[in-house]
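To begin, one chain is listed below as structure tokens, in the form predicted alone.
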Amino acid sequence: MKYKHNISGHLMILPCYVIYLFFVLLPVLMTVWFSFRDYDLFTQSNFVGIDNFTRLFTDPLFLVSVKNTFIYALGTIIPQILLGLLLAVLLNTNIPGRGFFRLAFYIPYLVSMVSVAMLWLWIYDPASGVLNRFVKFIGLPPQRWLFDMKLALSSLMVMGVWKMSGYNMIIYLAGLQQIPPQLYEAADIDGISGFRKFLHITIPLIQPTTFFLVVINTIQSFAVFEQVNIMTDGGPSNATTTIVHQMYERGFVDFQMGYASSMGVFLLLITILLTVFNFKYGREGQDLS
């Protein structure tokens, strides 16, 4: 009877299995297969062994993209999680207009990256951008935000933090509202200050939420592409090119699909490694029983 029940359940979600097979599992397997071949979309592919992978570590442009990807990830993951937590704590109180502010901070995450990129292109515009107008207003020299090698990647990171913080805020709000209010009431009776309550009650009880957000933000930061392709196209002088941007350039501009696939496999392995690391160490101390 139990076996028949399981069969009916799997049949009901069969469309999900089919979608996952054709749009996730099959592309991943094909990427791994192409990574060991020399393929240009137009001629028959040839098996080249690990040549594509050895080429990765001698390709200066790819090494620059790896460095930029790690810098982008390190510069966005922690700030957008901390900002999301700060916003969630503030908007979990009974301040006036908190519904409006929750929506206002969450909207950037709902807007497509193309629209967000076009908005920030205007903000960063050296001649008429609102950011340079503000910089001039406070007496500082205007900057070429996306055209200066020292500022371009940081400018993209600021935009990434701005877009993801609202999503982190919503997830943290859900986590904060699961904390039993009796814990805070008991702390009030004991005369514990607000900061100590946050440190010893809030932080430990939202640790599973933090773990989830670290995993999600890590995956998204290492897969950064749209804003790079739209706003800088990897420039100036490859200062903002990332692993996914190089995959796009090698695969769909130079038609080196085998080499681009090896980059994809490299990124997949890094993502799996970081996710396993997060699962191994991020869950420590979550047993609060």
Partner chain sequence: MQKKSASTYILFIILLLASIVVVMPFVLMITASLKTSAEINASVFKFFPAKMQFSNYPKAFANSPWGRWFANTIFVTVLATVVSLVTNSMAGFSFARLQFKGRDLLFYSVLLGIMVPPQLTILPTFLIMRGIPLTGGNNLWGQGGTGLIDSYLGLTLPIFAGAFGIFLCRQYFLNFPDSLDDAAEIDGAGVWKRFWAIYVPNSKPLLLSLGILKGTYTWNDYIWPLVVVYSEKMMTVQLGLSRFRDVIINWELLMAATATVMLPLVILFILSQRYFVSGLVTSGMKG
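Positions refer to the first chain, counted from 1. Just so it is clear, the model here is predicted, and its values are computed rather than measured.
A second form of this protein, the form predicted together with its partner chain, is not displayed here; the remarks below concern that form.
- Checked against its partner chain in the predicted bound form, the candidates Leu140, Ile107, Leu74, Ile203 yield a single residue with a heavy atom inside 4.5 Å, and that residue is Ile107.
- Residues with any non-hydrogen atom within 4.5 angstroms of its partner chain in the predicted bound form fall in just one of 66-74, 234-242, 31-39, 51-59: 31-39.
- Heavy atoms of Arg133 reach within 4.5 Å of its partner chain in the predicted bound form, making it an interface residue.
- Proximity of Phe277 to its partner chain in the predicted bound form: non-hydrogen atoms within 4.5 Å are absent; the residue sits far from the partner.
- A residue is said to contact a partner when one of its heavy atoms sits within 4.5 Å of a partner heavy atom; Ile78 fails this definition for its partner chain in the predicted bound form, lying far away.
- Mapping the unseen interface onto this chain, Phe198 falls outside it, with no heavy atom inside 4.5 Å of its partner chain in the predicted bound form.
- Contacts of stretch 172-189 with its partner chain in the predicted bound form, defined by any heavy atom lying within 4.5 Å, are made by Ala174, Gly175, Gln178, listed in sequence order.
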